[in-house]
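Only one chain is shown below, in structure tokens, and it's the form predicted alone.
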């Protein structure tokens, strides 16, 4: 399939998990994919598996790093698609969460997304085709105990998505968010390990705690999220903007 032939896509956090799945799927649809993340070795190894892909080191919390990375990405032409996937998570009781931890999570999940979006917005708002897809979370649509900084950050992502969608509705840019439930990635592995360490539960018990709110009773595959992302990037999704689409096993 070549519905995105000739389009250039940047995926932040593109070396693993959801980001890598998105890169693979977009490439299968004909897009030239540019993977960005902090770990360059892992990023280059991931890019080597995708025909025509390239890797650019990026720290979304650093102004200079973002400017340099997107300057390199735009050297070959404007970026048509931006997948804001870079993100982090942590769990602790609200009263035990330091301001430093709050700032760390917002710096990546919110400010990093803003920096990357600003780096492409001038080209995108003048383009005849442009897409921004923000990887939020089901936590961006509901509350969650012991993850308040993460929940707050993902609510911010959903709110920003809706605002930018309205602001650029007169252009050919659409802005949407995908809100997955728990996805089978390293972040979830860390969450399982954290539950096991703090509660003494077995791995199966810890995993059951994470999947109990998924009506299908399972983790979501990264490829399922990537499929939804690719649809939002397709030419036929031009009327879909400002949406926060749940990929959550039927949770509502």
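None of these values were measured; they are calculated from a predicted model. Positions refer to the first chain, counted from 1.
What comes next is about the form predicted together with a small molecule, which does not appear here.
_Based on heavy atom distances of 4.5 Å or less, which listed stretch (159-167, 79-87, 120-128, 93-101) is in contact with the small molecule in the predicted complex?_
Only one stretch qualifies here: 79-87.
*asked:* Please determine whether each residue of 59, 181 and 186 possesses a non-hydrogen atom within 4.5 angstroms of the small molecule in the predicted complex.
replied: Yes, because 59, 181 and 186 each have a heavy atom that approaches the small molecule to within 4.5 Å in the predicted complex.
*Tell me, yes or no, whether residue 229 is in contact with the small molecule in the predicted complex, where a contact means a heavy atom of each within 4.5 Å.*
No, residue 229 sits far enough from the small molecule in the predicted complex that none of its heavy atoms falls within 4.5 Å.
*Does residue 39 reach the small molecule in the predicted complex, with heavy atoms at most 4.5 Å apart?*
Flag for residue 39 set to yes.
*Though only this chain appears here, would residue 137 touch the small molecule in the predicted complex if you measure heavy atom gaps against 4.5 Å?*
Residue 137: contacts the small molecule in the predicted complex.
_Proximity of residue 151 to the small molecule in the predicted complex, heavy atoms at 4.5 Å_ = Taking the distances in the predicted complex, the answer for residue 151 is no, it never comes within 4.5 Å of the small molecule.
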